[in-house]
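Quick heads-up: it's one chain on its own, the form predicted alone, in structure tokens.
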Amino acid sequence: MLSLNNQPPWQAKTEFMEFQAKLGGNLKAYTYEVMRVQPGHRVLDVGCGPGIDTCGLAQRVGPTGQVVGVDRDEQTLADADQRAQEKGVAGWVEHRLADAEALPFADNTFDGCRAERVFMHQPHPEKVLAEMVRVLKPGGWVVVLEGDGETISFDLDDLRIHHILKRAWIEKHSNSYAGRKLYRQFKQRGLLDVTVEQIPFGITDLAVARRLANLDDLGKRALAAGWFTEEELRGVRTRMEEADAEGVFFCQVIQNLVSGNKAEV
């Protein structure tokens, strides 16, 4: 398990997103395909973080295209610029500090827009989607990949403990139910050919679950809220560690990949 102890927040964020990307396998590339990204396209990645996707998209659009990533973390954007330099795509990749609810671009600027696990952190995700649609060219595609906190589940015999951990995760995020809302929000923005694909993600390694779901933090939150006693918290940790040692640990979450096309004028 990778340790984040004593790391600056921006460095921890970069390592966490790199860790997610490795576990996701070909999922990122699949989202680019759903966006219909072509050489020469100009595309936008909202919540680009350290540039994992902007660099991946740059390989698709090539030097005749352009990729723009926006984020609200300056140091993470510096990481993104460095990554683009290392990947040899800096000439057609730009990373900008911006508010996702007020994108600094003119209407009808991009051939495609995407966001991945961003809406759960947004207090007003409908405004973010409205901005993505506004800056998208007619005929372009919006793609959003997002989970739903209600689908998080742990293989625990004590369902009360399971529901407490889920509640702690849900209350930790601004918009934990983002994934289920996307279909309605896409339709309300007037997008066409709206499609939802549900992508299950199962974890059979406790160290990975600790990292992705931040299980230690969830336990601390539940304890502070009075949902757990110290004894119960020690007990659930012990049960998870025993299951992991036996090779039977399991938890899962469902992600929704939603895409839509902006109507031609």
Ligand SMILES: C[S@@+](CC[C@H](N)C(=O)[O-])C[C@H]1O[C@@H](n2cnc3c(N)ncnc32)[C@H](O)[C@@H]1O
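Quick caveat: nothing in here was measured; it's all calculated off a predicted structure. Start at 1 and count along the sequence shown; that's the residue number.
What comes next is about the form predicted in complex with this ligand, which is not displayed.
Requested in this report: Give a yes or no on whether each residue among Gly149, Glu171 and Ala213 has a heavy atom within 4.5 Å of this ligand in the predicted bound form.
Outcome: Not one of the three qualifies.
**Report entry** Which of 156-164, 113-121, 187-195, 131-139 sits within 4.5 Å of this ligand in the predicted bound form, heavy atom basis
**Finding:** Heavy-atom contact with the partner occurs in 113-121.
Query raised in the report: Among Ala178, Ala100, Ala84, Val143, which has any heavy atom within 4.5 Å of this ligand in the predicted bound form?
Result: Result of the distance check: Ala100.
Requested in this report: State yes or no: in the predicted bound form, is some non-hydrogen atom of Cys48 no more than 4.5 angstroms from a non-hydrogen atom of this ligand?
Outcome: Output for Cys48 is yes: heavy atoms within 4.5 Å of this ligand.
Query raised in the report: Does the 4.5 Å heavy atom contact test between Glu126 and this ligand in the predicted bound form come out positive?
Result: Judged by the heavy-atom cut-off of 4.5 Å, Glu126 is well away from this ligand in the predicted bound form.
Report task. May I ask you to state whether Arg36 is within 4.5 Å of this ligand in the predicted bound form, using heavy atom distances? Result -> Residue-level check for Arg36: no, no contact with this ligand.
Query raised in the report: If you check in the predicted bound form, is Asp73 within 4.5 Å of this ligand, heavy atoms only?
Result: Asp73: contacts this ligand in the predicted bound form.
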